[in-house]
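One chain is shown next in structure tokens, namely the form predicted alone.
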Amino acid sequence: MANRWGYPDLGFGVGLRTVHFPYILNQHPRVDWFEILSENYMDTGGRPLYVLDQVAERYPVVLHGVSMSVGSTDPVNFEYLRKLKSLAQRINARWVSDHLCWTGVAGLNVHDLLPMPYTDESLRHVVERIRVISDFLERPLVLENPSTYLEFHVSTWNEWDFMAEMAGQANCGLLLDVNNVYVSAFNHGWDANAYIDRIPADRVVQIHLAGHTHKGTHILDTHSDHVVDPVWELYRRVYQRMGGIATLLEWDEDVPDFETVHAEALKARRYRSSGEIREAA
């Protein structure tokens, strides 16, 4: 099922990481597309921006941020958005994404993706901010479900229904992080399959896959290893419901060589081909 904006299924991509710059520039690997961390290129020049320009000339690129702070009570940071918009235009970004979270208060960025309470009040708040941000960027914003380690007693919505309602009211896209669904479901005792089944298929623009660190009592979203089998099975479920969606493999700690990361991303093709596509609910 296609998303409502007609954003394409770009295939199977990987994150652009500095350790792989020489390999990418010299070998021009046959990767479908790259995702870049927005903040790494918004206030820099020199070699990083040179490499990004070279990559963007050859491959489709999307922007993924960690500092938009959509859920914050601070005023919307239009200087940040101005830089983000300029970067998106420079590289012809296919879309721009961030997270459903807040990252600081009183102008202080704590460099972490902090969870939100899911209430009617927070829904109204975040919907209004998404509308303002999307209007400024002149494109739909795409928001990712975060991995979380605590819940708020005041929440009156579960996460998946909150995200579905938010996407509908704000007319935004969703980046469905399948690993985050698995991590949060384990940490909080949720039903990961129910989560997948309740997300509106026509809002999903992109998928994330990643490895994590299982600590026994809880899971940390570390992006430091191969994707585990239960996450692959959730990905198969997503594909059966929604069809082909641009899929990105994240590997951000203990990063191996490019071939290993790319091979992990290409495993997604196997899970797409191993089951029939059913009509989305």
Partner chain sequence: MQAVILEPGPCGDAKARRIVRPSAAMTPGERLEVYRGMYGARLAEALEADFPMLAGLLGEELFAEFASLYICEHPSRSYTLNDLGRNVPALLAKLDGLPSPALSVDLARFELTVSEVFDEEESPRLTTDQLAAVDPESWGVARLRPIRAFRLLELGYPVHLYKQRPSKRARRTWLAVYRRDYAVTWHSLTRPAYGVLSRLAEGEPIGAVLAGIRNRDRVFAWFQEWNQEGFFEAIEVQSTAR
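Residue numbers count along the first chain shown, from 1. From a predicted model like this one, the values you see are computed outputs, not experimental measurements.
Heads up, the form predicted in complex with the partner chain isn't pictured, but that's what we're talking about next.
Report whether the minimum heavy atom distance between residue 220 and the partner chain in the predicted bound form is within 4.5 Å.
It does: once the partner chain is placed as it appears in the predicted bound form, residue 220 has a heavy atom within 4.5 Å of it.
Would residue 80 sit within 4.5 Å of the partner chain in the predicted bound form, counting heavy atoms only?
Flag for residue 80 set to yes.
Within a 4.5 Å heavy atom cut-off, is residue 171 in contact with the partner chain in the predicted bound form?
Close contact is absent here: in the predicted bound form, residue 171 is far from the partner chain, nothing within 4.5 Å, heavy atoms only.
Distance check, residue 194 to the partner chain in the predicted bound form, heavy atom within 4.5 Å
Taking the distances in the predicted bound form, the answer for residue 194 is no, it never comes within 4.5 Å of the partner chain.
Just to confirm the contact call: exactly one of 135-143, 174-182, 105-113, 199-207 touches the partner chain in the predicted bound form at a 4.5 Å heavy atom cutoff, so which is it?
In short, 105-113.
Would you say all of 48, 153 and 187 touch the partner chain in the predicted bound form, counting a heavy atom within 4.5 Å as a touch?
Judged in the predicted bound form, 48, 153 and 187 all sit within 4.5 Å of the partner chain.
Here the chain is shown alone; which of 228, 255, 37, 42 has a heavy atom within 4.5 Å of the partner chain in the predicted bound form?
By the 4.5 Å heavy-atom cutoff, the listed residue in contact is 42.
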